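One chain comes next, on its own, written as structure tokens: the form predicted on its own.
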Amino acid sequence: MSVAAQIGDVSFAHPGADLPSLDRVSLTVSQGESVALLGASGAGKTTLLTLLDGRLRDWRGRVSVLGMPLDPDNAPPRARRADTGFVFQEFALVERSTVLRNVLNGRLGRMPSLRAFVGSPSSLDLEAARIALVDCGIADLAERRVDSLSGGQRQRVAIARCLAQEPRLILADEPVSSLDPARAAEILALLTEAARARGATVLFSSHQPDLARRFSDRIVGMKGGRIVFDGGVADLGDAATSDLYRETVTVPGIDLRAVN
């Protein structure tokens, strides 16, 4: 099976932080997998997703995404960025624009530079956007302004924008954190099923172990910038889950994780 993402001994610290956000992290994700990142706030989940998206700088280690190495000092070339899609926690939509226009923004990386600059989608771009709207159940909202939508509808727009991009790797940062449990399950089902239908790999972060078990093939647990669990859904028991969310006491100048 081909590898979608590979991280080797990566470390990264935000300026002024007492402890690293990523601490000697190694991880391999196969093409087509659905992987849930679990852990408390500050565990390193968002940093890991940002790393794979090519937006993190000044890290140390080795990273390759879809067979191409990432550079800690420079963003990936534009031609490569379209293969990785990102679903943001806070949607990151153009609120005063229509649903269709927001979804078409996912096509910008696939358009020639001039066409992208003037905002002139081709028939192929429009077809990709239409398919994504239908798959996300929001085709009837195409001409509605985003600022008139509910939170669940906005997240569907964000996912449709990502799917219209036709990515091979989908990264989602807490995509259901602002939704009620029923809507959260709907959105994660939509995201993971759409990825599976397209043969895409998906990594999503979550604070909700039950949803992670339902909608992933594999769970990676993070704590204090380290991977402390990596296994199948059935392998994550109550004790391991509790440990992920047990608070780690920090003392300036001392890394207590080393003695846990």
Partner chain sequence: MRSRGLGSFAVGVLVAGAVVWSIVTTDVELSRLLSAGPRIADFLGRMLPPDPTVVDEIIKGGAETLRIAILGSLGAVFLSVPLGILASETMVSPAIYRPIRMLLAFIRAIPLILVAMLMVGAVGLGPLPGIIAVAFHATGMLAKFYAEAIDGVSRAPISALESAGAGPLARLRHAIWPQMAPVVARDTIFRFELNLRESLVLGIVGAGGIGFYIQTYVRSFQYDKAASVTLAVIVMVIAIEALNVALRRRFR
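Numbering follows the first chain given and starts at 1. Not measured: the values here are computed from a predicted model.
One more form of this protein should be noted, the form predicted in complex with its partner chain, which is absent from this view; the next part is about it.
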Item to complete: Would you point out which of 148 to 156, 133 to 141, 181 to 189, 91 to 99 contains residues with a non-hydrogen atom within 4.5 Å of its partner chain in the predicted complex?
Response: 91 to 99
Discussion item. Please tell me whether any heavy atom belonging to L126 falls inside 4.5 Å of a heavy atom of its partner chain, as the geometry stands in the predicted complex.
Written reply: no
Worksheet item: in the predicted complex, does E33 have a heavy atom within 4.5 Å of its partner chain?
Response: no
Worksheet item: G109: heavy atom within 4.5 Å of its partner chain in the predicted complex?
Response: yes
Discussion item. Can you list, in sequence order, the residues from 115 to 142 that come within 4.5 Å of its partner chain in the predicted complex, counting heavy atoms only?
Written reply: A116, F117, V118, G119
